[in-house]
Ligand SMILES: O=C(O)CCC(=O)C(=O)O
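As structure tokens, one chain now follows by itself in the form predicted alone.
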Amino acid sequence: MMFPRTLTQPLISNGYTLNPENVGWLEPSDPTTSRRLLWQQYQEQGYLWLKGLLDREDVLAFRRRFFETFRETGLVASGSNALQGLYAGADAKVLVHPNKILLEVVRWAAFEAFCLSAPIIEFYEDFLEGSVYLHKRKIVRFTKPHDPKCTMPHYDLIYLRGGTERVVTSWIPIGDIPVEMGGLAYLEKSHHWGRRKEAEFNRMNANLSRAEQINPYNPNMDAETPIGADVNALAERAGGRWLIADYEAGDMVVHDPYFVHTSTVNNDAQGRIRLSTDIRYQRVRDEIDPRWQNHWSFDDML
């Protein structure tokens, strides 16, 4: 078991500093635990932090490949080891727009193979008790050091209402991501609160067309901050703490579609770019949201 440690600096998310009393630590899970116990943990916690599910060297190889390609943007420090993903600095000249590279990466056969690697598929076919479908819309995210913009607090079903609610997200750190690098923070047991919030949205959207009901930008919602940006206020409303972790290459977090999460500022002392991917799986026989059957693009509004 991993034990909490003292943080070296405050955690900041979209301009809000997390109060220490609103911060806790994720509980790790052993991937070899029985399906019954993992499912019980998932239902109780809203997540599983699966330690070492993936081969560490495979994850680091993908990180190296990504940053070798990402050098084209001018954002990777010249002459540095690609595996480190060192940021070139705020004064770096952008040579190629980063989204151009991301649009290519999410279409790589190598990325598809990474998402369909045996440890992931074997886990999900056991966990979901059937053949699984990988959503085509897959996202690779990078976060520069000291960038104040973070992932806004949300739960995934806000953007996935057009299919089954039994969809599961994998968040995978591509490299070691200690807390100071700004990995995901999860709002403790907020999957219960998220279900109540979604029921509220459903009541508000009842008179809208089906297309508008599943649209996160419909007239009754502000998809930029669908449940608010103030992480401390959300902790009070949902009655839980923001759970953080020192993630390592090889880990995979599995979270419920109603589970609220956000990210914090990357304040890595070494100046490394944070890299991660979030991908979704479900049983293939369940209803699939058609909007997620296309590759990610920066203007797809999801």
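As the structure is a computational prediction, the values presented were derived from the model and not from experiment. The numbering used is simple: start at 1 and walk along the sequence shown.
Only in words, not in the display: the form predicted in complex with this ligand, which the text now covers.
- With respect to this ligand in the model of the complex, the three residues 135, 138 and 291 uniformly fall beyond 4.5 angstroms at the level of their nearest heavy atom.
- Comment: 166-174 is the region of 210-218, 197-205, 166-174, 86-94 lying near this ligand in the model of the complex, near meaning a non-hydrogen atom within 4.5 Å.
- With a 4.5 Å cutoff on heavy atoms, residue 188 does not count as touching this ligand in the model of the complex; it lies far away.
- Using a 4.5 angstroms limit between non-hydrogen atoms, residue 180 is distant from this ligand in the model of the complex.
- Of the heavy atoms in residue 261, some are within 4.5 Å of this ligand in the model of the complex.
- Although the partner is absent here, residue 266 is not a contact residue: none of its heavy atoms lies within 4.5 angstroms of this ligand in the model of the complex.
- Scanning 71, 154, 161, 144 against this ligand in the model of the complex with a 4.5 Å heavy atom cut-off leaves one residue, 154.
- Of the candidates 227, 184, 76, 231, 184 is the one whose heavy atoms come within 4.5 Å of this ligand in the model of the complex; the others do not.
- Contact annotation for 275-298: residues with any non-hydrogen atom within 4.5 angstroms of this ligand in the model of the complex are 276, 278, 280, listed in sequence order.
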